[in-house]
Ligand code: 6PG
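Only one chain is given next, in structure tokens, and it is the form predicted on its own.
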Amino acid sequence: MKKHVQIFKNIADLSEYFAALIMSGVQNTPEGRSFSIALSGGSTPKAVFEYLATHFADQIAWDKVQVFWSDERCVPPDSPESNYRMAKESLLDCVPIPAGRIFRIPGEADPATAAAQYTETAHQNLIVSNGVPVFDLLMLGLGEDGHTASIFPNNIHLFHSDHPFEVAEHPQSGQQRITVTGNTINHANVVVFIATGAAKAEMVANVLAKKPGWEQLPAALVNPEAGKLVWLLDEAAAAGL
């Protein structure tokens, strides 16, 4: 695994770097193949998506991109809580990406059915290696409790699941979610953590330095087998390094 930590003064510079990762990935994708990206939810990804929509709508060959999600709340696609809706409104409606290349998690379906359906969707539309679907770029966030995607410390067993997508439950609200699992995360070609703000500083330091108890932090278990791990941080989130 190759790990890179990049620290930026602001979200615009971070977004510019993230855009360059996508652009390079698309340009280096062989003819006839698509570049697959799994998006995450949250306020920072929303700001990144808005930057992409504003500055890179014409600079990236969006018709070669396949869009998936790393996790989703079990809500309808028009819900204000939907990661799909957030990405649609902030990015996907603003760039020329064909609708047939956007694969949302069916959050309105029965959770177990949705997880199984999305696993099948991934198998049908991605390269599969050793039974595991391979994302070209998988985007992750970092929770203040060390969770990533919707794998929380209290359901860390999901990180080790043999299923690419599983049903998870938020430890406080009890809300059900569909999440990518660790085996699939660690089979991605590039995994990108994005974390901003002072509230994330302590956990960023805990995860990157593997401080005592790191084994119980899902984010610390991200270790792409043959790929690259990239951390994109602002100065506030990197303050503990």
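Just so you know, these numbers come straight off a predicted model, no measurement behind them. Each residue number is its position in the shown sequence, starting from 1.
The same protein also has a form predicted together with this ligand, omitted here; what follows describes it.
- The stretch among 23-31, 44-52, 183-191, 204-212 whose residues place heavy atoms within 4.5 Å of this ligand in the predicted complex is 44-52.
- Among heavy atoms of residue 106, none comes within 4.5 Å of this ligand in the predicted complex.
- Contact check for residue 88: no non-hydrogen atom falls within 4.5 Å of this ligand in the predicted complex.
- This ligand is not shown here, but in the predicted complex it comes within 4.5 Å of a heavy atom of residue 149.
- Although the partner is absent here, residue 143 is a contact residue: one of its heavy atoms lies within 4.5 angstroms of this ligand in the predicted complex.
- Remark: all three candidate residues (71, 177 and 200) come within 4.5 Å of this ligand in the predicted complex, counting heavy atoms only.
- Although this ligand is not shown here, in the predicted complex the stretch 75-92 places heavy atoms of just one residue, 83, within 4.5 Å of it.
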